[in-house]
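So this first bit is one chain, no partners, the form predicted on its own, shown in C-alpha cells.
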C-alpha cells in the first residue's frame, strides 16, 4: 500500500537548511499495524505529514496504492486523503458544541453524491463501532477524554478508509481510557484496516506488529514487535 524509496525532507528558512528526513526507505502492506517512534526532533511528525499527504518530500519517492504522489496535484491528493485515509489526533480536534453525530458526519459533508439516508447510516455504524450509540446526540464538549477519542475514531472510520493514522491517540488519556482506545484500534486492525500509530509510549507501540524507530531523520530500527498476541495484557 505504501512504498518509500530514499525519501528526504529539507526545510529552508532564509539561508538555513534543516534536514528533517533523509534516505527513508520502507514499505507498509495493506492490513499492517505499524508504530512509528522516536525522540522529539527525530522526524516522526514530518514523516506522518508526508505519509498523509499534508506535506511533500524534497527528494526520493512515495507511492500510495500504486500512485506516485509526485504525479498528483494537491487537489487530487486531497481527494485521495478524504476517501482513503482516516485521522485520529492526540487533541481530538472535535467541535465541542456540536453533537457526536455532527462531528462524525463532518468528513461526509462534501460528498454531494451521497444520499442523505446512506450518509446517516454510515454515521450510525461508525458511532456504534466505537460503543457510543447512547451518546449520539450529546455535545462533544460534555464527554470524557476517552469518549472524545472514540468520537475521533468514529469520524476517522466514517469514510471507510483503507488506512488510519493515529497520532499519539492515548497521549491525553488515563491508562484505562488509553487501553480502551488501543483495543478499538486493535479490533479495527483485526478487521483488516491498516493502522499507522505515531507514539512515544513503548507499551502502546508494542500493541503494533511492527516498530519503525526514527533518530535524527533516519530509520534506526525497523523490526517486528514481540508479543504473544494478547495485546490487552499490556494495559493490565
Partner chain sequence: MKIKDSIQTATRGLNHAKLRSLLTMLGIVIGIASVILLMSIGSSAQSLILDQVKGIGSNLIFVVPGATKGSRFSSPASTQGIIIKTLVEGDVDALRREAVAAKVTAEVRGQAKAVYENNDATVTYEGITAEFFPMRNFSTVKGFSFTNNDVASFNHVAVLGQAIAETLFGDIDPVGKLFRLRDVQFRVIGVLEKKGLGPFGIDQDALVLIPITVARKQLLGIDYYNAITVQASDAYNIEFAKSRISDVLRQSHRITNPDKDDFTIRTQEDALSLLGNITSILKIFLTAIASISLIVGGIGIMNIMFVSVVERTREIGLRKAVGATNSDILQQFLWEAVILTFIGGLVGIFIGSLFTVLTYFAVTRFAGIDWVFSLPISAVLLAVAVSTVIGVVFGIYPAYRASRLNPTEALRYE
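Numbering follows the first chain given and starts at 1. Keep in mind it's a predicted model, so treat the numbers as computed, not measured.
The same protein also exists as the form predicted in complex with its partner chain; that form is not shown, yet it is the one meant from here on.
Exactly one of the stretches 53-61, 31-39, 174-182, 206-214 approaches its partner chain in the predicted bound form with heavy atoms within 4.5 Å, and it is 53-61. Using a 4.5 Å cutoff between non-hydrogen atoms, residue 132 does not count as a contact of its partner chain in the predicted bound form. Residue 122 falls outside the set of residues with a heavy atom inside 4.5 Å of its partner chain in the predicted bound form.
Within this chain, residue 97 lines the site of its partner chain in the predicted bound form, having a heavy atom no more than 4.5 Å away.
By the criterion of a heavy atom within 4.5 Å, residue 82 is counted among the residues contacting its partner chain in the predicted bound form.
Taken together, the three residues 49, 78 and 105 all come within 4.5 Å of its partner chain in the predicted bound form, as judged by their closest heavy atom.
Within 4.5 angstroms of its partner chain in the predicted bound form, the stretch 148-177 places a non-hydrogen atom from 155 alone.
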